[in-house]
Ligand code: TA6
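Heads up, the chain below is alone and in the form predicted alone; it's given as structure tokens.
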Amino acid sequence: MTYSKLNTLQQQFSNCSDITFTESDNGMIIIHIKNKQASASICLQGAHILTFQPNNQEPVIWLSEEAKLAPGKSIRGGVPICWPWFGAHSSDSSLPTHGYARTTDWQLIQVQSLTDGRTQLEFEFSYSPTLPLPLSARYIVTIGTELDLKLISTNVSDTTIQLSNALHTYFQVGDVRDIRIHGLDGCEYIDTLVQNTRHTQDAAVIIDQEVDRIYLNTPRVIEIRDPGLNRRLCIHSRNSHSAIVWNPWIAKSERMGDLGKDGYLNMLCIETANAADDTVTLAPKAQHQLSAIYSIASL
């Protein structure tokens, strides 16, 4: 008997009642997680978190109503993984922007229902000689009242390599014009919209136009204060000293075509990253773990 990928996953993880699997008409596998604390969904392509919502709360993660799930294509919203480089490749413009991990299927290797009620999933990206960098990765996603993410990169070669990466997270906000981002005051940032000029942040970050900035030497905690949803959304990071703040605003949203009508008003990207000045030098056989925890509290 021949089993599809969907059948195989259903059999392999049938002992975990927290998860179910569905398959789209074009073969995209979606993992649905529901436990006593939260619900979430993850696309096997890119190990891409599509949604995350603690019980009795508004969604934390934003997914465009017009997001297209198609093999080999990036998905608008959720938590794309930029790996093993951030932005354009440093020397080969033919390689995909933000790396190849977000448009390639990862392997789901383990699922656990933890004793505290959370659900933990582990994904693996294996190195292939056809890839441009000798790296493998594991991605551990833990779903509860908080969303806990760990991206572990391993240099599988005998030479030192440079790594950059990001968790390109789209957060849901009530109205981006009303939010304030705290924790970046005093940080230097690169304004990619103004010829990569460098500036210093003065006071909280507000969004009143297109913004695309790489903040440097960032603190471990960044906070979105959102009066529209009456909440503080806290981003706790580890082994990251840079963060990208991005909102496409009106004109770029219209050009993008998959953000949805006025979608820019309800989303804000704050990416936990190793980017720009903050790249990682990875010795032979060494590992690097990029971590982020997203939690919410009342204002």
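This structure is a prediction, so every number in the text was calculated from the model and none was measured. The numbering used is simple: start at 1 and walk along the sequence shown.
This next part talks about the form predicted in complex with this ligand, which is not shown.
Out of the listed residues 212, 223, 146, 122, 212 is the one that sits within 4.5 Å of this ligand in the predicted complex by at least one heavy atom.
Proximity to this ligand in the predicted complex, taken as a non-hydrogen atom within 4.5 angstroms, holds for one residue of 232, 252, 32, 241, which is 252.
This ligand is not shown here, but in the predicted complex it comes within 4.5 Å of a heavy atom of residue 86. Using a 4.5 Å cutoff between non-hydrogen atoms, residue 168 counts as a contact of this ligand in the predicted complex. Contact between residue 256 and this ligand in the predicted complex is found at the 4.5 Å heavy atom cutoff. Taking non-hydrogen atoms only, residue 98 approaches this ligand to within 4.5 angstroms in the predicted complex.
For a residue to qualify, one of its non-hydrogen atoms must sit within 4.5 Å of this ligand in the predicted complex; none of 127, 150 and 288 qualifies. Residues with any non-hydrogen atom within 4.5 angstroms of this ligand in the predicted complex fall in just one of 198-206, 168-176, 131-139, 103-111: 168-176.
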